Ligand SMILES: Nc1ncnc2c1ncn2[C@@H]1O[C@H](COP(=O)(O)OP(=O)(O)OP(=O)(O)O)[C@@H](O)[C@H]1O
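Heads up, the chain below is alone and in the form predicted on its own; it's given as structure tokens.
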Amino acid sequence: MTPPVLELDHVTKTYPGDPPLEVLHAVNLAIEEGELVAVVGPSGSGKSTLLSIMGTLDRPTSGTVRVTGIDIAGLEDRQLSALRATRIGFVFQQFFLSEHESVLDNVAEGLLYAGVPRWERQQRAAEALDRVGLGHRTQHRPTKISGGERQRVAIARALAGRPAIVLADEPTGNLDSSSGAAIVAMLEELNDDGATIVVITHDHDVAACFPRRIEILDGSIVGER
């Protein structure tokens, strides 16, 4: 039986202090291959911390995190970085694109840490841009395209690594309603093509577009639809 792409088992996260602050409380979560999931909650609900744990950017205080069946607790930092570079794609609210490089080079550079040869980086970047409908924009600079297009470039960068899962943090947060709706529709299309995607959002209208919705509040999962 194929393990979940991402699995959290009784995960807690506590930050030191007097008293210590526990921001995630015994979170259990499994994401299966091919799912399109929204994790929704208000500011301060623990979404950002959960994203960091899911993306292996931070380690839990207790509990188990598995990515494609691999328990990250047994990995050294270098091994964890390699796993993250090859199995997890990230999309952030801020696009984090280099204004001085072409759209193609922005996407290709996302493959540097995966050790992909330059010619293959360029090829995979072009394929990913085609996939998000920007094959005609490869030589443009990010300053010359719209906000919605910049977010598509960021999504293409995540997809170019052919990850097992894409984690999108507020991907519509910096966009107007029309551009945001277009990004949601594109994520649905990518999921139809087989991509496994988790969207972190505070927007219940965005979350309502996705087939599985997980609600987080005060560091605990309080509901699922």
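Residue numbers run from 1 along the displayed sequence. None of these values were measured; they are calculated from a predicted model.
Keep in mind that the form predicted together with this ligand is missing from the display, and what follows is about it.
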Interface stretch in the predicted bound form with this ligand - options 189 to 197, 36 to 44, 65 to 73, 172 to 180, non-hydrogen atom within 4.5 Å:
36 to 44
Is the gap between Thr56 and this ligand in the predicted bound form 4.5 Å or less for some heavy atom pair?
no
Is there a non-hydrogen atom of Thr61 within 4.5 angstroms of a non-hydrogen atom of this ligand in the predicted bound form?
no
With the partner left out here, check for me: in the predicted bound form, does some heavy atom of Cys209 sit within 4.5 Å of this ligand?
no
So, in the predicted bound form, is Asn28 in contact with this ligand at a 4.5 angstroms heavy atom limit?
no
